[in-house]
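The form predicted on its own is given below as one chain in structure tokens.
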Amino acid sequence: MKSKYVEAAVYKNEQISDCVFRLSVKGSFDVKPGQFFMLRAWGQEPLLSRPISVHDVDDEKITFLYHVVGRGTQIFSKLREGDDISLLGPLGNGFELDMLKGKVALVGGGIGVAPLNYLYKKLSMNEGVEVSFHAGYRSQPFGLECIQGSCSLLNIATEDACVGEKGYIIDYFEPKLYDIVVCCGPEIMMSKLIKKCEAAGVPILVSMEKKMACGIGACLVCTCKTKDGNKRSCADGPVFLGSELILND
């Protein structure tokens, strides 16, 4: 893990859906799927950097998806090609690809599809792994550009029924069809999916999305409850076995 921020230049920053942007930063980065970076594009204020998961990586850039929800992400949305941005990372444990064998289901909710895109890209390179993707949104889907047309099975559900099935994606998801499930999305969605997987006897990995101040395990802002006590989502996660987490319904 790198312990200092590095400066880089924005490659591209574009709005891809309502309040959702795709930000690419120039440079070569060695990143595991599921890891994240702390980003900032300002001086002293806002005080805290923003944790953003990695959406994609190639030879010349790293890409993030972010949802504009506050002052920091509003500043990100104004960035243009060539603007400076500071990055700390990669941070967190990421997904262990050796655990993901056979029939693998990736289940994303909203902006939670972001880290699953890069995981899908990596898994698709492995022989003996069959990946399906299940994505849920309130309305128009986003972040599926690398998956559409290449994934053997892509299921989409939207709450307003504008695309795919109407309602929540986990209502249409059957865990027993898979050897292992991976999920990232709202905590209530992950909690319900963990219970559904446990009932089916299927292991599940989840990537926690928590507010963070430091990203390196010092501030404890991102603490989550587990059966082994409190753990830090940034340093001990963000990827956990679903069976070890205690989540609110």
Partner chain sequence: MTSVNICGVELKNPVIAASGTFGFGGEFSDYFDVSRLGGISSKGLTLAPKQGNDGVRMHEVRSGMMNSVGLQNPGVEAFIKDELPQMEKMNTAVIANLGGSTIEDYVRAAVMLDKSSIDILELNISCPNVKEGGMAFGIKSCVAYEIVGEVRKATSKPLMVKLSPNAEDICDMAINCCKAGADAISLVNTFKGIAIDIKSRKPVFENISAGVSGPAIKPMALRMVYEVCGCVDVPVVGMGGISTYEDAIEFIMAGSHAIQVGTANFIKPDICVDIIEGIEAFMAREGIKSLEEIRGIIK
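The structure displayed is predicted, hence computed values, not measured ones. Numbering follows the first chain given and starts at 1.
Absent from the display: the form predicted in complex with the partner chain. The rest refers to it.
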| message | With the partner left out here, check for me: in the model of the complex, does some heavy atom of K225 sit within 4.5 Å of the partner chain? | response | yes
Is I216 part of the interface with the partner chain in the model of the complex - any heavy atom within 4.5 Å? yes
R232 near the partner chain in the model of the complex, any heavy atom under 4.5 Å? yes
- Query: Might M212 be said to contact the partner chain in the model of the complex, defining contact as any heavy atom within 4.5 Å?
  - Reply: yes
Is every one of K4, L47 and R50 within 4.5 Å of the partner chain in the model of the complex, counting heavy atoms?
yes
The stretch from 154-162, 85-93, 106-114, 134-142 that lies within 4.5 Å of the partner chain in the model of the complex, judged by heavy atoms, is 85-93
Of V31, A200, V221, A41, the only residue with a heavy atom within 4.5 Å of the partner chain in the model of the complex is V221
The one option of K166, R71, K176, R80 with any heavy atom within 4.5 Å of the partner chain in the model of the complex is R71
Taking the partner chain in the model of the complex and a 4.5 Å non-hydrogen atom cutoff, the residues of 117-132 making contact are none
